[in-house]
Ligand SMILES: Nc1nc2c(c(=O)[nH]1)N[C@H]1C(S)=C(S)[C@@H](COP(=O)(O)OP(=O)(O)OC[C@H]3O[C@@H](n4cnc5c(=O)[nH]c(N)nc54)[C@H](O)[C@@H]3O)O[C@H]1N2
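Below you'll find only one chain, the form predicted alone, shown as structure tokens.
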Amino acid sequence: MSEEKKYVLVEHEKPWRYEEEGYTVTRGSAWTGPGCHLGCGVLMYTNDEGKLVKVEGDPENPFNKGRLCVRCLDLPEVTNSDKRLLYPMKRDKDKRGKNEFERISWDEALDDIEAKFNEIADSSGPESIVFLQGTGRDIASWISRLAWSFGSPNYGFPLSGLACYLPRVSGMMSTTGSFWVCDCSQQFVDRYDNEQYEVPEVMILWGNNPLISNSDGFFGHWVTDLMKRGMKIITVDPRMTWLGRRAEVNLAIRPGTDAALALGMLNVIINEELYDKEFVDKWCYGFDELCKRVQEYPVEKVANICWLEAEDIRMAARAFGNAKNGCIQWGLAVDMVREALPAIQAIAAIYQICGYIEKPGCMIAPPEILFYGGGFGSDLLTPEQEAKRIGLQKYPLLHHGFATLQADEMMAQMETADPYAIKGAWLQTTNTIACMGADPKRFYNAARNLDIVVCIDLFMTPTIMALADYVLPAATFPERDGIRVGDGPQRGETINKCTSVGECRSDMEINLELGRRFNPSAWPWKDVQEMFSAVYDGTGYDFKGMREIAPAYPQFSYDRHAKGMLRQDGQPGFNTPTGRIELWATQYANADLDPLPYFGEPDPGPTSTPELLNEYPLILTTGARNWGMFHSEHRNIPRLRAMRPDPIIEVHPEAASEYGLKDGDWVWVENQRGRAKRKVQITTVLLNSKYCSTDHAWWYPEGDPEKLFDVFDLNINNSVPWVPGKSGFGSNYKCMLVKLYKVKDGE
């Protein structure tokens, strides 16, 4: 290791590009597209023709230490697929849904889009075009900057309640001023051997199976690394996972009742005085009020709500409260309930009152290598345009976290034109109809009425086929340069181009080219490398310099709240109105929300709507991850598809027997809103006979394009409504009442 310019660097044995046994090897970071949220270090092998032929993990990268999942290992099959979009295309608006695209040049595509967007801006205002993304990874900042430089405040995610990551971001920013992640030594180059570091005594895995689902820059195998070093785990999951079988306590929670469980654990920790009194007295605000609230949630009551054993709840709370240090790794399951913010507030309060903050093996705020994310370019908007952001007046907490529109309000506004009409959509990194959009037919019907829809993607998708007037082909990450500074403790990484396919361009290059047509002063860079260098300004490196030494880690220390390192004014404490962690949230009170955590029963649900149980007796949780796919990606990649040929619904043996189902049966999964086809897999990983679980984002790329690849038969979101929580965050994607019945011949 060497220390330079306030960063700790990895000493590489080889340069970022070198020759090996007839191949050119390029060091890089795997961060979309395709891919997940990790940015693992990769070595990409290209042959003499410049074709990507092999990908391996980079053993010199401290983040993943050479370990890769099957999606990265099979990257050449993705990049070189004959199903890739290779050229810009257009289609007449009246032919939407028809496979009648015409190949055009990049200049023609960008000229047309520029002219039509500007025409709409002149007649209806730039706010009438929405800029939407899916799970953007390193692309989010460029999409938001494009929107804001155009003059539209309406950048965001077409996801009810913004119910993925953003509730946690907004909730943590509102109550603590920072986001928080488990300390797994990921901020140190020498990792577990760093002299400052201590292994957590206990880690709670809450609504997350990190070995398969890697959220917030969290590499799942860190958990097993730490377990080998003595860490104990507690799991909160309605399914039995590999980690759950190795847990001290596994809490098979009823989906959607996370807030109740957290409040019950707080009841134990507070009433048995297991919390850190010194930390609470010095750094927390509203503890007395929280004490009163948790008395409403005695353990026996919570056990009845969550369908758990009271003693298991006590055991989990005592194990965590009595530990020397501990942390909670959570997943988007806590975002995907309607009242997500109070659930998040309650779960976070567990580690907050225990004092597991900014200490080794506890929860840490990610150190920023630079300011970069959903706010990159927000200063480009005038206050008048910012005030037009969809949902801002109704949901003031949109000010906290990412500066996004509120998707449910957008959906309504697309249909009603109130308070103003939506005329166009820019859809980048999002296959909305197949993946995140609730009630996909509703989104489809509304978007069909827009004057222009532009889609940017790697492959043809149901969303493109249904809606797009212009299609721009995006590059996979081996085909482009980029930077990786994102969720979790940040590190400076570079994505380095090593191959080219067709006329594909990187998302960043597309946005730069179009952005400087709209607003040249907002995009002053001659190329993407110069643009990345501007983002890295302040680190002491430009893009090429960072490429030589990446990954670069900012110097890290603990107890930053006591050192004035978490507040903008440099004072000790947290970046909140009170300067403390707010157990009683002033920002929530100012938004006319309950300032204390509470449990909101899912509606519909077995308790809130018992009259529905005769017809819809099962509780469905959606979004189960599998090894070979990421959201709606990879279904057209043969080896990865072979790992999951069909959409599966897991059914408990007792339920299968009751409804006359056997393995391999095709069933309709239905509730009062819609239905979707699934293939039955009978399994005891479900820990209650009333639970069933299915993966999401299904479509058949091999299907008829003009039938939209069967997406409306397969999409489980047919059963999900556009109904957010009181704060505008959270929606019930993971706790619905459903019934199962066999698909008939001919269906």
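Start at 1 with the first residue shown and count on from there. None of the values given here were measured: they were computed from a predicted structure.
Heads up, the form predicted together with this ligand isn't pictured, but that's what we're talking about next.
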Contact label in the predicted complex: Ala550 to this ligand, heavy atom within 4.5 Å: no
Close approach of Ala412 to this ligand in the predicted complex, 4.5 Å, heavy atom: no
Proximity of Arg625 to this ligand in the predicted complex, heavy atoms at 4.5 Å: yes
Ile253, heavy atom within 4.5 angstroms of this ligand in the predicted complex: yes
Candidate stretches 538-546, 319-327, 561-569, 455-463 - the one whose heavy atoms come within 4.5 Å of this ligand in the predicted complex: 455-463
Gly35, Met629 and Ile716 all contacting this ligand in the predicted complex, non-hydrogen atom within 4.5 Å: yes
Among the candidates Thr176, Asn431, Asn671, Ser149, the residue which, in the predicted complex, approaches this ligand to within 4.5 Å (heavy atoms): Asn431
Ser185, Asn267, Thr135, Asn496 - the one with a heavy atom within 4.5 Å of this ligand in the predicted complex: Thr135
Contact set, 164-181 vs this ligand in the predicted complex - heavy atom within 4.5 angstroms: Cys164
